[in-house]
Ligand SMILES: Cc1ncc(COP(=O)(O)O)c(C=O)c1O
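Encoded as structure tokens, the following chain is the form predicted alone, with no partner shown.
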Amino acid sequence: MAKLGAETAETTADASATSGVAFIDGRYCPIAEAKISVLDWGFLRSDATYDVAHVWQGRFFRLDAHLDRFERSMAKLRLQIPQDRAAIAEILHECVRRSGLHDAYVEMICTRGVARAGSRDPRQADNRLIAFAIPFGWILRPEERDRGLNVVVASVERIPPESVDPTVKNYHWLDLVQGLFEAYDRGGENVLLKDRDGHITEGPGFNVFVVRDGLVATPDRGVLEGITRRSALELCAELEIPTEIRPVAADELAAADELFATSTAGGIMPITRVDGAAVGDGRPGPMTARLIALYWDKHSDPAWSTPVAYG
């Protein structure tokens, strides 16, 4: 791995590191001390991209895939940082190592940064890398899988991909947040948004899959091409389950035998209720259960995961 240089050697080492460690402005610090300027365009304008990998039982899961997407996203937004891919990977590993966390949520962020005084030209901003590792967080905890997710299909329309490219992971979440409040008001715990044509897109931080008559389908447009989504498709191929990436009409949810969501924050998760109605018999389905088991098995597979050197 590339060396970070002497300027990154500083850190604040104390018990607070167990809550998380960040890399910002060339140094490591406890997560509570990681701050950005209010003038950073990542804050002012959501002019940033990010990616989230995770560590499970001391191993990064599919880190190369996350780094690939992070690099593509920066290129699409014309963001440039001095760290190369190897240095970014080393920083992520170091955040985890210093935190001591063996199950961690690990984020890398590139913001536009702060522009020159009075400038509105994004080319005059100094792009910056931020990274952190915090304890692993769940959309649906393992002990909650038997009940599954209870989602609502909101009336809020997803931002169209012609406006904001959803394949570039971004912080343009106000449509998703408005949808969440609608879901709460209607007795749900999470939300799915439709596009302007009435097709299902995604939820806040997760993709969705429909299972019907042994076939698995997931939306093809207006969605983040999630790494866990990709993993689920590859697991389906391994289990010889046929899949389709295509438009998914909203009424397909009610007719589904099974539904499941995919996210770094929880892996493959059953959806058992939509708009107050049970999906199938209201319990996680057998195909979802097979995929969940295989997904977590892959976390110890060297082809899918890499160890953290805690030292």
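Predicted model, so just to flag it, every value in this text is computed and none were measured. Each residue number is its position in the shown sequence, starting from 1.
Omitted here: the form predicted in complex with the ligand. The next part is about that form.
Chemist: Test of understanding: in the model of the complex, would L224 fall inside 4.5 Å of the ligand by heavy atoms?
Modeler: Yes, L224 lies within 4.5 Å of the ligand in the model of the complex.
Chemist: If we define contact as a non-hydrogen atom of the residue within 4.5 angstroms of the partner, is W173 a contact of the ligand in the model of the complex?
Modeler: Close contact exists here: in the model of the complex, W173 approaches the ligand to within 4.5 Å, heavy atoms only.
Chemist: When the contact criterion is heavy atoms within 4.5 Å, does W56 count as touching the ligand in the model of the complex?
Modeler: No.
Chemist: Would N190 count as touching the ligand in the model of the complex under a 4.5 Å heavy atom rule?
Modeler: N190 lies outside the contact set for the ligand.
Chemist: Could you tell me which stretch in 28 to 36, 63 to 71, 246 to 254, 270 to 278 has residues with non-hydrogen atoms within 4.5 Å of the ligand in the model of the complex?
Modeler: Going through the listed ranges, the match is 63 to 71.
Chemist: Could you tell me if all three of T49, T111 and N127 have a heavy atom no more than 4.5 Å from the ligand in the model of the complex?
Modeler: No residue of the spot touches the ligand in the model of the complex.
Chemist: Could you check which residue among G205, P122, P161, P135 gets a heavy atom within 4.5 Å of the ligand in the model of the complex?
Modeler: Only one listed residue qualifies here, and that residue is G205.
Chemist: Where, within 97 to 133, is there a heavy atom within 4.5 Å of the ligand in the model of the complex? Residue list please.
Modeler: Heavy-atom contacts to the ligand in the model of the complex: nothing from 97 to 133.
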